[in-house]
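Take a look at this one chain, the form predicted on its own, written out in structure tokens.
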Amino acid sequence: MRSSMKTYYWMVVPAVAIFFVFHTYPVLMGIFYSFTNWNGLSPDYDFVGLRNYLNVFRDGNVLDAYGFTIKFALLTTVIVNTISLVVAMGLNARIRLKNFFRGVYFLPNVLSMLIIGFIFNYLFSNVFPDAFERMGLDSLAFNILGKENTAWIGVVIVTVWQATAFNIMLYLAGLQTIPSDLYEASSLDGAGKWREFWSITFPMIAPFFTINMVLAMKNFLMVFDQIVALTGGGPGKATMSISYLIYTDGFQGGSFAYQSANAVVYFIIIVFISVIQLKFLQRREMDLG
């Protein structure tokens, strides 16, 4: 083996080994334990076949968590991508202090979601209710996270505020790949801004739109930090997401094997949704092209 090749192997093999030990092996063990009744602590366990998988589809708490998570992911994906695209187009225009605004909009992306969540938790619990009360808006002077029918709104607001920054950067990168002479030609032809957007801008950034939609949907389906920092799955179980349910019930509730089966099922669902999204959006890219 040539010495230069050995160097490349030394660069690649350690990373693969670390990935296998800390990622692949735990996943394989999780799949193995999903066919048992192990509680996560006992040295003994029995194989139960597919019983855990069958019970997942009969568990009301699990089905409620699936309902909340999927509705949250759909709504947040649409809102984040809509706001991101609009802001990115504004930041791509010839405006003053453009670099300053880009820095401001990207700032939430470098902050920890847990820190942001705890800050907003304090704002929702104390600052906003007091402010609305002083303004005489008593109907709004309450903790939005403290009621079952409004807690999800708080989670959506914080998630959108933090997640929009990354999508703005991707859309901005896509907008900067569009040749300016296309806009000059459309302007000479008398095309309006709306026509310009649908005929030039959106088709040219279609691959970036696909990436943003798929990544956003995947990330929001795995919502966890926001729930930990804002609601803890409550009030009651109103904002219980699948990831948080797997964590709390699996590690704290003694249902490790059962929640491992739930995690496997959820992994398959996320892969299925991502593949469907990719196929649909890539077909749309071809139609626009």
Partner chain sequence: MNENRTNWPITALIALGSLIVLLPLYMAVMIAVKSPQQIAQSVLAWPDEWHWGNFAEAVRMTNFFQAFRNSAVITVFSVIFTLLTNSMVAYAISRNMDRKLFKGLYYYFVSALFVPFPIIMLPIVKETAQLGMNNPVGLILLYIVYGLSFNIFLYVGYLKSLPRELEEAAKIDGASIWGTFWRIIFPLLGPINATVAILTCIWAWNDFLLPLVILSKPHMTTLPLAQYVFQSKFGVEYNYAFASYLLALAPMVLVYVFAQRWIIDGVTRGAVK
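Positions refer to the first chain, counted from 1. This one's a predicted model, so the numbers in the text were calculated from it and none came from an experiment. Here, rigid core means the biggest group of C-alpha atoms that superpose within 1.5 Å across both forms.
Beyond the structure shown, there is the form predicted together with its partner chain, which is absent from this document and is the topic of what follows.
Since the chain is shown here on its own, which stretch among 43 to 51, 259 to 267, 60 to 68, 232 to 240 would lie within 4.5 Å of its partner chain in the predicted bound form, judged by heavy atoms? The contacting stretch is 259 to 267.
In the predicted bound form, does every one of V156, F197 and M213 come within 4.5 Å of its partner chain, counting any heavy atom? Checked in the predicted bound form: no contact with its partner chain for any of the three.
Taking heavy atoms only, is F128 within 4.5 angstroms of its partner chain in the predicted bound form? Output for F128 is yes: heavy atoms within 4.5 Å of its partner chain.
Even though its partner chain is not shown here, does L91 get within 4.5 Å of it in the predicted bound form, heavy atoms only? L91: contacts its partner chain in the predicted bound form.
Given that its partner chain is not shown alongside this chain, does F20 nevertheless sit within 4.5 Å of it in the predicted bound form, heavy atom to heavy atom? Output for F20 is yes: heavy atoms within 4.5 Å of its partner chain.
Would M204 count as touching its partner chain in the predicted bound form under a 4.5 Å heavy atom rule? M204: no contact with its partner chain in the predicted bound form.
Exactly one of N109, T150, T82, N143 has a non-hydrogen atom within 4.5 Å of its partner chain in the predicted bound form; which residue is it? Result of the distance check: N109.
Looking at I115, A191, V78, I178, which has any heavy atom no more than 4.5 Å from its partner chain in the predicted bound form? Flagged contact: I115.
Are there residues in 157 to 180 with a heavy atom within 4.5 Å of its partner chain in the predicted bound form, and which are they, in order? The stretch touches the partner through W161, F166, M169, L170, A173.
Taking the rigid core as the reference frame, is the Cα of F280 displaced by 2 Å or more between this form and the one not shown? No; that C-alpha moves by less than 2 Å between this form and the one not shown.
Per-residue C-alpha change between this form and the one not shown, I18, threshold 2 Å, rigid core fit: After core superposition, the displacement of the I18 C-alpha between this form and the one not shown reaches the 2 Å mark, so yes.
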